[in-house]
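Read the single chain below, which is given as structure tokens and is the form predicted alone.
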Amino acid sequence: MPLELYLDLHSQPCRSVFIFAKKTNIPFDFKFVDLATGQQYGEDFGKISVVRKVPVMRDGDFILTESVAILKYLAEKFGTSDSDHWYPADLQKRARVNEYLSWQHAAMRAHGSKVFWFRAIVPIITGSDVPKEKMDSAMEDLTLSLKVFEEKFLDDRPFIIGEKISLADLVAIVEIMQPVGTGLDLFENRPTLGAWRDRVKMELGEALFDEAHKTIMDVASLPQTFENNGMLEFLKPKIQKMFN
């Protein structure tokens, strides 16, 4: 019985799991959970996960949430000597992967997601742009995260752990592509970041990379999606609280 992966490719953690499973030829059933329509709050999904977030993995009777945990599980269960670079057995290389995965939650993920919400979601829900000072502050935080990423986690290496791509690079690229989906070119005037992006895309394969990111690169379709369901009214109080 193949794995079941509950995903919505609008979500960057879902994209990392999707890409990894496809790239390493792990058989799975794609179970679409439509976040824009609030499907994660429905009764059926609640039976799968009380956390009500994606991604979720079901491997027989075993259910796992949290993308990093899922990625590590898949790498360890299905890993081979040829795919060891994703989550290396070497203690120090694995520690470098874990270091990035631990850092990124409160840095790249938090700041990239905030810019995405400010540029793409908040205007849909409120009908107006985010105040300039708040947008500038969010961009400053993201810029700092990108600087740390280039100077510490890459530091003139092809990939985060050296010559080979790893789970750390995969998680990094999907987070960086989130604000890029709003039309923000984060690679302009960042040659190190741009060259790294190109190497990651080549390693993953251009077709798979584009397949995974097709949804997020079409954020112009989001307004109609929200208008056609009750999520707009559901999210308004949350957004208003954010700015109070």
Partner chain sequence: MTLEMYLDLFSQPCRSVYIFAKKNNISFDFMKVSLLEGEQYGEEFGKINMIRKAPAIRDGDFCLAESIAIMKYLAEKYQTSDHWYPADLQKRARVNEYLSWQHMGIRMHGSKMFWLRLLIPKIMGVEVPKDKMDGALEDLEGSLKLIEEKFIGDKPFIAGEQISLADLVAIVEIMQPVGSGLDVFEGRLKLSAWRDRVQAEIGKELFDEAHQGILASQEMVKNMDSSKMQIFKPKILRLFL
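Everything numeric here is computed off the predicted structure, so don't read it as measured data. Residue numbers count along the first chain shown, from 1.
Omitted from view is the form predicted together with its partner chain, to which the following refers.
Undergrad: Would you please decide whether Ile124 lies within 4.5 angstroms of its partner chain in the predicted bound form, comparing each non-hydrogen atom pair?
TA: The answer is no: Ile124 has no heavy atom within 4.5 Å of its partner chain.
Undergrad: Taking heavy atoms only, is Ser102 within 4.5 angstroms of its partner chain in the predicted bound form?
TA: So Ser102 counts as contacting its partner chain.
Undergrad: At 4.5 Å between heavy atoms, is Met217 in contact with its partner chain in the predicted bound form?
TA: It does not: once its partner chain is placed as it appears in the predicted bound form, Met217 has no heavy atom within 4.5 Å of it.
Undergrad: Is there a non-hydrogen atom of Phe62 within 4.5 angstroms of a non-hydrogen atom of its partner chain in the predicted bound form?
TA: Yes.
Undergrad: Which one of Glu163, Asp129, Asp82, Glu76 is close to its partner chain in the predicted bound form, taking close to mean a heavy atom within 4.5 Å?
TA: Going through each option in turn, the one that passes is Glu76.
Undergrad: By the heavy atom within 4.5 Å rule, which residue out of Leu184, Val68, Ile26, Ala195 makes contact with its partner chain in the predicted bound form?
TA: Looking at Leu184, Val68, Ile26, Ala195 one by one, just Val68 meets the 4.5 Å heavy-atom criterion.
Undergrad: Within 4.5 Å of its partner chain in the predicted bound form: all of Val50, Ala110 and Ser137, by heavy atom?
TA: Every residue of the candidate spot has a heavy atom within 4.5 Å of its partner chain in the predicted bound form.
Undergrad: If contact means a heavy atom within 4.5 Å, which one of 50-58, 37-45, 201-209, 186-194 is the stretch that engages its partner chain in the predicted bound form?
TA: Among the listed stretches, the partner-contacting one is 50-58.
Undergrad: If you apply a 4.5 angstroms heavy atom cut-off, which residues in 15-36 are near its partner chain in the predicted bound form?
TA: Residues within 4.5 Å: none.
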